[in-house]
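In structure tokens, one chain follows: the form predicted on its own.
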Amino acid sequence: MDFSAYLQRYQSELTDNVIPFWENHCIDHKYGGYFTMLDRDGSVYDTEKYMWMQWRIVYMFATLSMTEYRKDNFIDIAKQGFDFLTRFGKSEDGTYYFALNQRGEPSVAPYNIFSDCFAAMGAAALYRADGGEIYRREAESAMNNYIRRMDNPKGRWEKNLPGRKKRLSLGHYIILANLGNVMKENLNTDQFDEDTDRAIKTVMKKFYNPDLNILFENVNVDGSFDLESCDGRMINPGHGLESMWFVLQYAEKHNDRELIDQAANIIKKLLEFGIDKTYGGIYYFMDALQKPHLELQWDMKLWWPHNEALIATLYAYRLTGDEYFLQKFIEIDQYSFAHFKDPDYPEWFAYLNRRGEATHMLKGGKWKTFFHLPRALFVCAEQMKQLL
């Protein structure tokens, strides 16, 4: 297949649509940091600054500043965010708050370790782009905080009591695996290689259920599966697909053919399980045994699972040559551009109902920022170049 037309479309979407939207609307020129609560036209509808979203913007602009898509101001956009977040974002123990108000005053406690995760990613990318030691130190500090907190991620803000079963979370381990890759690429270090290896092995050995042939979101601490609870049966197809392209990335670098085949098989099963065969698109949440799901939005179609599915299918196709993945990439591409892409304004809608109709007009919010979509467009374009 000739990917030339796809490559041109993905690059155009990135450089003519997505990047300018955030470049023009997200920067808080008065206080620093970024606005992420952006309406359909880019206007700001709330000034709260959520740490995940803030650091993801740092990461993307720093990363793009090192590519063919760079503009001179990208590195400055990333640096001003770093300065704001490191000045105001840290709690007394050095971990990052979950949110700040516009001026930088803490508004939500540091109960979530993913704030540290994305701080590590953003600072690491800035180090590679700029070379300043301040960025390396911050990346290593945030990475070590993330690893330190994994066994007790919420710390004193944990609301669950002893009566609730403890779980291992797929997100904690697969993020560690991806973080290890980001650290290695951007800091040129092997400091976190053992953590990365351990995370990959944990994901593949504990979260994959060979009997049901599906990747679970939560497992018991001993690696067993709880099929008697909604929490234990939870499947997040988009998260699983994101996890598996991280695994493919790792496996390719280690020339591990067996691991490539294992990850490709899981991608195939997640797609077979998670695609809505009536209306198209990928379900948000599912139950492993098709029982009722507690989340009322379980059947919605969100932008980011489709972004991750595009990467996963293209990665799997390039590494395996299996035409199944090419066909699924084409299907998901057609669905995504037909339903998520706003025909009248730049950027993509985030939330669709099951039928594929937009339920919210926003382009950025508490959970959506300059990250999943630009990363997908960029990574897919790189995969296409290799396929060409």
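Just so you know, these numbers come straight off a predicted model, no measurement behind them. Residue numbers here begin at 1 and follow the sequence given.
Another form, the form predicted together with a further copy of the same chain, is not on view; read the next lines as being about it.
Asks: Check for me whether a further copy of the same chain, as it appears in the predicted complex, comes within 4.5 angstroms of all of Asp46, Glu158 and Leu294 - heavy atoms only.
Replies: Heavy-atom distance to a further copy of the same chain in the predicted complex: all three under 4.5 Å.
Asks: Gln327 versus a further copy of the same chain, in the predicted complex: is there a non-hydrogen atom within 4.5 Å?
Replies: Gln327: no, not in contact with a further copy of the same chain in the predicted complex.
Asks: Is there a heavy atom of Asp39 no more than 4.5 Å from a heavy atom of a further copy of the same chain in the predicted complex?
Replies: Output for Asp39 is yes: heavy atoms within 4.5 Å of a further copy of the same chain.
Asks: Under a 4.5 Å heavy atom criterion, is Glu228 part of the interface with a further copy of the same chain in the predicted complex?
Replies: Yes.
Asks: Does any part of Asp299 reach within 4.5 Å of a further copy of the same chain in the predicted complex? Heavy atoms only, please.
Replies: Contact check for Asp299: yes, within 4.5 Å of a further copy of the same chain in the predicted complex.
Asks: Which listed residue (Asp93, Glu105, Asp83, Asp76) meets the criterion of a heavy atom within 4.5 Å of a further copy of the same chain in the predicted complex?
Replies: Checked against the cut-off, the match is Glu105.
Asks: Which one, Tyr111, Phe88, Tyr208, Tyr317, lies within 4.5 Å of a further copy of the same chain in the predicted complex by heavy atoms?
Replies: After the contact test, the surviving option is Tyr111.
Asks: Heavy atoms within 4.5 Å of a further copy of the same chain in the predicted complex: which stretch in 283-291, 210-218, 307-315, 261-269 meets that?
Replies: In short, 283-291.
Asks: What residues, if any, in 339-367 have a non-hydrogen atom within 4.5 angstroms of a further copy of the same chain in the predicted complex?
Replies: In sequence order, Tyr351, Asn353, Arg355, Glu357, Thr359, His360, Leu362, Gly365, Lys366 come within 4.5 Å of the partner.
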